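As structure tokens, one chain now follows by itself in the form predicted on its own.
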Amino acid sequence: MIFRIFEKEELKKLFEVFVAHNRVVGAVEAGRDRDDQPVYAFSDVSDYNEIKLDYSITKLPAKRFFLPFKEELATFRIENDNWTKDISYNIDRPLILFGLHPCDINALNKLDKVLLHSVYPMPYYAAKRKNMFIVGMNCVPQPSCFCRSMGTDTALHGFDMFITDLGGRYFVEILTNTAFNFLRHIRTMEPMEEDHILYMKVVEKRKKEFTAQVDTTDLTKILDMEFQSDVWKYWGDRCLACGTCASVCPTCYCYGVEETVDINLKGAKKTKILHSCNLIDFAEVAGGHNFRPERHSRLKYRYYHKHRGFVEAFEESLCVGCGRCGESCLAGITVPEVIESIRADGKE
């Protein structure tokens, strides 16, 4: 890893280099909530002044740019008795994610394990991921985020460059040749000893700002033991089965595929649509049988996938602790509360 220091005004010059030949996505202020607080969202940006580098957290993750809710996989046509099939991976130029927080970078790393490095990788995801450049930036810990408990408050890989605000200057970590070549377009310096000291102080200060916590000690074992716990029924009764949690989650990737045929039988298309394990038809199969007709069962299996099944497969949780699901849940269900109740039930 290579480290550099540059003055703050240089970041605008770097952005202009990015946007010259690439699609750049960053956090912008999309509106205001009922308390007149800014609501942030990832969006295409071409003007440096539109980007909010100090954004708290976006309501939706950047997932829609590489794992969209709805994506056309293939189209089929019959013309003059000739059958043709067209496939597009739905990417036309490199994508730069500018200012991604550590939890969202780690979310991408987790998705890579399933959609990129598995036995059957998803080519549509892979095409976008291989043409992606990530500029990471540290966040200001929010009351709802528990990423430190999940070990995702820092990113060790999965980015090209990571920028830390030292007050008057930026400290940048460089992981790839592409990042190094981009930085050659602006004025950078070798960090001095005092820069490293200041960097460590900034990191330590940020660690102390995390307030929400989740005890993950032996969590997989506790989940196994409490599989039949009545606590799941309690949370299931509160759950509205709306699927909002999956929509705002940066690591939910379950999907279904729909095939539709034109009424004139001359064309057809295959479409991938993201799904949610909390929706009532998620486990419904041909013939109408539903393996999980009850809300508490679907909610339970969502937690088991995140904190049990994925751990067994990849030795880490699928949850990054961003807190988006709890903030967006219409029933006020949060991950820390659910896990705490499961642990407490096991002590009774």
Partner chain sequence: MDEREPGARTYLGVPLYRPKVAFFEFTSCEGCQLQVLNKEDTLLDFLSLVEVVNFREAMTEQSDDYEIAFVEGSITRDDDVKRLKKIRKNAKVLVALGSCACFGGVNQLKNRFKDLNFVKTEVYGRHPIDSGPVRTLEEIVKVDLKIYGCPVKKEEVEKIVLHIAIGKSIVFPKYPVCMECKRNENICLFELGEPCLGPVTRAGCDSWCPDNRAGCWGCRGPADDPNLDQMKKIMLEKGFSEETLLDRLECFGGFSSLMKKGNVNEKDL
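Quick caveat, the model's predicted, so the values are computed rather than measured. Whichever C-alpha set is largest while still superposing within 1.5 Å between the two forms counts as the rigid core. Positions refer to the first chain, counted from 1.
A second form of this protein, the form predicted in complex with its partner chain, is not displayed here; the remarks below concern that form.
Taking the partner from elsewhere, every residue among V39, K59 and I280 has a non-hydrogen atom within 4.5 angstroms of its partner chain in the predicted bound form. The stretch from 164 to 172, 145 to 153, 202 to 210, 80 to 88 that comes within 4.5 Å of its partner chain in the predicted bound form, counting heavy atoms only, is 80 to 88. In the predicted bound form, its partner chain lies farther than 4.5 Å from every heavy atom of T217.
With a 4.5 Å cutoff on heavy atoms, L274 counts as touching its partner chain in the predicted bound form. Contact between K233 and its partner chain in the predicted bound form is not found at the 4.5 Å heavy atom cutoff.
Residue contact check for R238: one or more of its heavy atoms lie within 4.5 Å of its partner chain in the predicted bound form. Residues E284, R295 are the ones in 283 to 297 with at least one heavy atom within 4.5 Å of its partner chain in the predicted bound form, listed in sequence order. The two forms, fitted on the rigid core, differ between this form and the one not shown by less than 2 Å at the CA of Q228. The rigid-core alignment places the CA of E209 less than 2 Å apart between this form and the one not shown. Fitting the two forms on the rigid core leaves the C-alpha of N177 displaced by under 2 angstroms between this form and the one not shown.
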